[in-house]
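Next comes just one chain, in C-alpha cells: the form predicted alone.
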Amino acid sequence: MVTLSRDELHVSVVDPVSASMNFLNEIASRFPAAISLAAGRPFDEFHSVTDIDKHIQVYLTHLRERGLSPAHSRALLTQYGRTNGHIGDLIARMLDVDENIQVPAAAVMVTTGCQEAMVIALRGLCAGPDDVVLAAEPCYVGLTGAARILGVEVVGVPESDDGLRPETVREVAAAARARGKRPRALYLVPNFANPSGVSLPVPVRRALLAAAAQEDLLILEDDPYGLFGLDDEPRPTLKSLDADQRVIYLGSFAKSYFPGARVGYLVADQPVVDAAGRHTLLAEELSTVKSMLTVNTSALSQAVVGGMLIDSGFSLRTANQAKIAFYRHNLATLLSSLQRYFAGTPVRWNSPSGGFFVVVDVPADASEELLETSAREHGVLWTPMRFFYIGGGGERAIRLSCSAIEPERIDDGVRRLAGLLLR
C-alpha cells in the first residue's frame, strides 16, 4: 500500500488557515445547539426553491423574445457553452443600473463563484516568480488561500482603524520592490470588508486610485456587501470612479441572491495588445485560464441568475430590499447588544456602517482552545481574527457575524459571549 508523507504535499493542502476554517466547521457540527456568531453566510429563510424554476422560465422567455429557437435555447442551458458565460450582457446592465459602471458585455466573465474569479485574476496577472499581490490586512481568507494554491505571494497592507490608507499602500509597494518583487495588484473590499467591517470614505477611494496609478498597480475590487449599508448613503465603487481602467471588479450573487447557485463574475475591461498590435480585452484573454479550471460556469445556474436579473429590472438593490432591511436590523441589534453587555469593560469593538461583521478586541488570547471552551461551556461560536492575518496578528480579537441568525438570538449570543469573556 502506498503511504504519502504529509510534508511532501503542497503547502495549500496543509495550509494552517484552511485547517482553521475546517476547525470552525467541525466545532459547529459538534455543538449544534450553540448560537453561531461565526457564520458569514446569508440568512436561510430568504431562499426559495420555487424561485429556481420561476427564474429559469423567465430566462427562457427572454431567449424566445430574442428570437432563439427552442433547440438553441435547449442547447444554451444543457451544453457546455461559451467559456466566459452567456449572461454577461445582463450583468453589464445590472452594473450600469446599480453601480454606474459602464462596460461592454465582452468585459464580463461569468465565474463559478467569486472564488474562481480570484483564482483567474491572480493567475492571469502574476506571470513570474517575483510577481506579488498586495492585500488589505486583515484579509479575506479566500484571497490568501487562492494565492497559496497558485504559489503567489500576498503582501499585507495593514488597515488603520478607518481603513486602508494610500500612503501605506505606497510604502508597502516600495518595500516589496526593494526586495526584488514586482507588485502587480492591490486586493481590497471597500464596502464593509470581511473581516474588519470597514468601509472607505469616497475621498480615500479616489486617493487609492491615484496611489495605484503612481505605483502602477491594478486594483482587485471585491464587493459582496455593498448593498447592505445601515443607511442609503451612496458608496460608489472604485470601478465607477475608475478613469483609466485600473480596476478589475469581482462580484458574486451569493449574498444578493443565493450562494447555492455558485455564480460570480469578473469585470476586466482593460485593453490587451499583442506583439502584432491586435487589441483584445483582459476578460477575453483570461478565458483560457477559466477553460482549464471549470470549462464554463453551470449554464443552468446562469439561467436562474439571468431570470432573476430580468425579473428585478436589472437592479439587485430593488430585488434585495427585504434583505437590506433584515441585515440592517441585525447589525444594529448586534451593536446594541455589545453596548448592553460590555459597556464599561475592557472589551472594545468597532462600529461598521453596514455589512455582516464586527471586530471585537478581547482581554484574552482568542485561540482555538478558547473557541472550543466557548462552544462547550457557553454555547456561542465566533471566529478568531488571527485567521485573517498573513504574517501574524489578531491574537486578541474576534470577528462576530450577524447575517445567518434570527435577530432575537443575537442578543442571547452576545450575553453568552459576555459569560465567557467577563468570567
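Numbering starts at 1 and follows the sequence shown. Not measured: the values here are computed from a predicted model.
Below, we turn to the form predicted in complex with a further copy of the same chain, even though it does not appear here.
Within this chain, residue 315 is remote from the site of a further copy of the same chain in the predicted bound form, having no heavy atom within 4.5 Å.
When a further copy of the same chain is considered in the predicted bound form, residue 116 lines it closely, a heavy atom lying within 4.5 Å.
The closest non-hydrogen atom of residue 235 lies beyond 4.5 Å of a further copy of the same chain in the predicted bound form. Proximity of residue 198 to a further copy of the same chain in the predicted bound form: non-hydrogen atoms within 4.5 Å are absent; the residue sits far from the partner. Annotated contact segment (heavy atom within 4.5 Å of a further copy of the same chain in the predicted bound form): 286-294, selected among 286-294, 347-355, 185-193, 101-109. A heavy atom within 4.5 Å of a further copy of the same chain in the predicted bound form is found for one listed residue only; from 154, 299, 319, 90, this is 299.
Listed residues 264, 229, 307, 145 were compared with a further copy of the same chain in the predicted bound form; 145 is the one with a heavy atom within 4.5 Å. Counting a residue when any of its non-hydrogen atoms is within 4.5 Å of a further copy of the same chain in the predicted bound form, the hits in 104-139 run 112, 115, 116, 119, 123, 124, 125, 126, 127.
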